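A single chain, nothing else alongside it, follows as structure tokens in the form predicted alone.
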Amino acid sequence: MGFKTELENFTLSKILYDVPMKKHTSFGVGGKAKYFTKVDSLCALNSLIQTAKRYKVKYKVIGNGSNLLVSDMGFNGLVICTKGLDDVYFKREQVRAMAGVKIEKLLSFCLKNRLSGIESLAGIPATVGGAVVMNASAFGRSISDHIAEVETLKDGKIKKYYKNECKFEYRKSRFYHSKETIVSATFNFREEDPQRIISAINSYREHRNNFHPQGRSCGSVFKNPKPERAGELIDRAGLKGLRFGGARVSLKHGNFIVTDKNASATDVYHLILHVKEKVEQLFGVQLFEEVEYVGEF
């Protein structure tokens, strides 16, 4: 029995073929995934990963696709979307969220239960899994500030990591480019007056609306090369508004690349390379991407 035959007989989730990845990424660009599915159980997730490994087929686990740039040539393998793993609930006095829970849903759960801690992430279109991998942060606060433990799938088994084992750094964790797949995160939050939580959420959202561009983007393209800020370097380099095909550097914020309906992944990729080259040429500072490349460029 071959890989495709096993997928055709798979009953735990629906398998789709030749799915345009531009529908599953915030950039809205990219070619087709040869195989695509959205799982809603750990059993389905584990079974698909093990099947792909057995047949030596490439696979990629994604959440909301908010930090991905998929090649125009697509992905010659299996894309597994975890957005169906979206339960969030109390685990004793802690909060456990599955990998596919959107940050906005986690915020709503916290507000309903008078819990504070991640208001600064309001407006980030990520899932818990992706946010933990990248140690999502904003306004000087990180999701790892409130992590108690993280569970992953590793070699077909659930593995637990306590916070001090996760190796959280700026925009990085031990799960970054790891062969493990995050399945859940458990958080410690503090009790707070709901009106204060709402006020904080509204304040952070207002700031994003005022300083971040609307439209299709992955958010910040580059990590900040401390003590500098990527957006300021790009601005000083005179690169705001620079366009390559259907992609351009935002006039509102230099660290954002926005795409129009005719953009391609190649447009975004070449614009990223040009910005990196220009900033290093002018300031001697090397920029490193937050965006993850999927497929061949």
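Residue positions are given as counts along the sequence shown, with the first one as 1. Every value quoted in this text rests on a predicted model; they were computed, and no experiment measured them.
Keep in mind that the form predicted in complex with a small molecule is missing from the display, and what follows is about it.
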query	finding
Partner-contacting position among S26, T37, S264, S47 - heavy atom within 4.5 Å of the small molecule in the model of the complex	S26
Selected contact from G74, G77, G117, P125, since only one has a non-hydrogen atom within 4.5 angstroms of the small molecule in the model of the complex	P125
Which of 109 to 117, 127 to 135, 187 to 195, 160 to 168 sits within 4.5 Å of the small molecule in the model of the complex, heavy atom basis	127 to 135
N64, heavy atom within 4.5 angstroms of the small molecule in the model of the complex	yes
Proximity of I234 to the small molecule in the model of the complex, heavy atoms at 4.5 Å	no
is_contact(E149, the small molecule) in the model of the complex, heavy atom dist at most 4.5 Å	no
Touches the small molecule in the model of the complex: A97 (any heavy atom, 4.5 Å)	no
